[in-house]
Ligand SMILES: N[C@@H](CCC(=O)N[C@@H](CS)C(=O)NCC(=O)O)C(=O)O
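First comes one chain, alone, set out as structure tokens in the form predicted alone.
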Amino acid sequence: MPVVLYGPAYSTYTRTARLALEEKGTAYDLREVDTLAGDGQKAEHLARHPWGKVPVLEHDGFSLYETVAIARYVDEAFPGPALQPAGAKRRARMAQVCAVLDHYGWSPMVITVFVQRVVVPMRGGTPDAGVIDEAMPRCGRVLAAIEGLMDGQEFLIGSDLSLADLHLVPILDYFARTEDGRAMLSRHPRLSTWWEHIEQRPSVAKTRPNLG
């Protein structure tokens, strides 16, 4: 049965789910739910997700929301390269990286710095320098923590791509589109090398949002 993924292409979490599907080589139908336009609060989407968030995956009569759950399901339900490392310690480290990004990284890096530096000017506004200045130390703490947890060279966890990489890609992509983000990333050499490599992957290029 076909895989259907509900969510906007611009969403970091929708993109993580798409990256997992792309890396597994699983065909899917992306159905846009423009949460910024209020589509997430429409009855049809609330029936899929009680909080109106994205993404939501549907496959063979099975419906699933929450990105970490979706990504793990994609890895375990479909053929293709494994996206979770072998061994309890590395799997725990992968989960730790995802949790750090969810709880401490996404909001300051995307919702504050990226939105203020990129989205606000696109809409004719002026970035709030005070808000950005307050968020940047929190962003730096996240990058330092992730770099400190890396135990691989080419990838974050070990020698193979994992869901930790796919969780970080969309967040760091938006953050690195800002001058503040690029400057901070340059102070973390291992993460900088990781980013230079991974942004060339076909899945990353294919799913990169075009902001116009």
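So that there is no doubt, residue numbering starts at 1 and follows the sequence shown. Everything numeric here is computed off the predicted structure, so don't read it as measured data.
Below, we turn to the form predicted together with the ligand, even though it does not appear here.
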{"property": "In the predicted complex, the one of H59, R177, K53, R31 near the ligand [non-hydrogen atom within 4.5 angstroms]", "result": "K53"}
{"property": "Partner proximity in the predicted complex: T35 to the ligand, non-hydrogen atom cutoff 4.5 Å", "result": "yes"}
{"property": "4.5 Å heavy atom contact, F114 and the ligand in the predicted complex", "result": "no"}
{"property": "Heavy atom of S203 within 4.5 Å of the ligand in the predicted complex", "result": "no"}
{"property": "Touches the ligand in the predicted complex: Y13 (any heavy atom, 4.5 Å)", "result": "yes"}
{"property": "Candidate stretches 153 to 161, 22 to 30, 182 to 190, 64 to 72, one within 4.5 Å of the ligand in the predicted complex by heavy atom", "result": "64 to 72"}
{"property": "Residues within 4.5 Å of the ligand in the predicted complex, restricted to 83 to 112 and counted by heavy atom", "result": "W106"}
